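Encoded as structure tokens, the following chain is the form predicted on its own, with no partner shown.
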Amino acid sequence: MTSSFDPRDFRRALGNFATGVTVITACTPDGVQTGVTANSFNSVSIEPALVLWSIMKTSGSVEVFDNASHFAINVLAADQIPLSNHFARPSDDKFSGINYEKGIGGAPLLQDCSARFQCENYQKVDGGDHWILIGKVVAYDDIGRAPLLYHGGAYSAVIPHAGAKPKESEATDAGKAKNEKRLADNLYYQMIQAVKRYQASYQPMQMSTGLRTIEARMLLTLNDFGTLSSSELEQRIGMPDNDLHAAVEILCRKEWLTENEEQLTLTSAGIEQAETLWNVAHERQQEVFGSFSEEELTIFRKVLDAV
């Protein structure tokens, strides 16, 4: 158990909790707009309808949220990673080139989200280095698009859980047989189950190297592509700016990575570590697919390419 609170390690531990990704927007009475990316959104109450989120006290957007009568919570959809990164970066005009409409109190409403909540300012609570902003929901849109997720310092996506098989069931034998046949014939279900079984054994092997999945992906990508800028690496592996910089700092401390004017390059030790990761992946692949013939694997690859 870790009792000391190194901010970097604490943030890393918090990253194990998967969340959605939102862009919170507001507009002051004199027309000053702002938008910030946040994963701190959560529900508080149904009656009355209250939600909350938090913002760093040092954020330049605090004054706008203080002076605005309302704010909007735009829950991002799975294909809106560029929008998340856009609002996570400082900018003189964050809404330049962004499609939006005006909501209640002038708060910008982004298009093609998963859901949107329009809130009137209800309460502001001191939360350490953050302000906790509670809003009363006065209108919402349940658009229902698949949401963008954040987990382990990287963007992720929803895969529905197949559920666990009960040890005992009151279902009839005919019902169980019918359900099992349907699932056996459902190729999407079978693919999801296969990926979960593969990951169940592979991830502990990868974690044994002392790296989180996103850090491992950074090493593997840089090993193949050579020197990349921070923005190029961010686009290739799909992670937020702040977490990319945190992971870069970790890898630089390990002396596996060098950063020069935002150009990232692996050191010889980093290349060696990346090759170790590839070997781990290859060993797991051989363990799973080694018993198949080359002809069978060719067919398997053909099916995957087609899907």
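Note that the structure is a prediction, hence the values are computed from the model and not measured. Quick note: we count residues from 1 along the sequence shown, nothing fancier.
Beyond the structure shown, there is the form predicted together with a small molecule, which is absent from this document and is the topic of what follows.
No residue in the set Thr28, Lys102 and Gln118 has a non-hydrogen atom no more than 4.5 Å from the small molecule in the predicted bound form. Checking Thr267, Ser40, Gln263, Ser45 for any heavy atom within 4.5 Å of the small molecule in the predicted bound form turns up a single hit: Ser40.
Proximity to the small molecule in the predicted bound form, defined as a heavy atom within 4.5 Å, holds among Ile55, Val51, Leu277, Val248 only for Ile55. Using a 4.5 angstroms limit between non-hydrogen atoms, His130 touches the small molecule in the predicted bound form.
At the 4.5 Å threshold, heavy atoms of Arg89 reach the small molecule in the predicted bound form. With a 4.5 Å cutoff on heavy atoms, Ser59 counts as touching the small molecule in the predicted bound form.
Within this chain, Leu244 is remote from the site of the small molecule in the predicted bound form, having no heavy atom within 4.5 Å.
For the small molecule in the predicted bound form, the listed stretch (277 to 285, 30 to 38, 66 to 74, 255 to 263) containing residues with heavy atoms inside 4.5 Å is 30 to 38.
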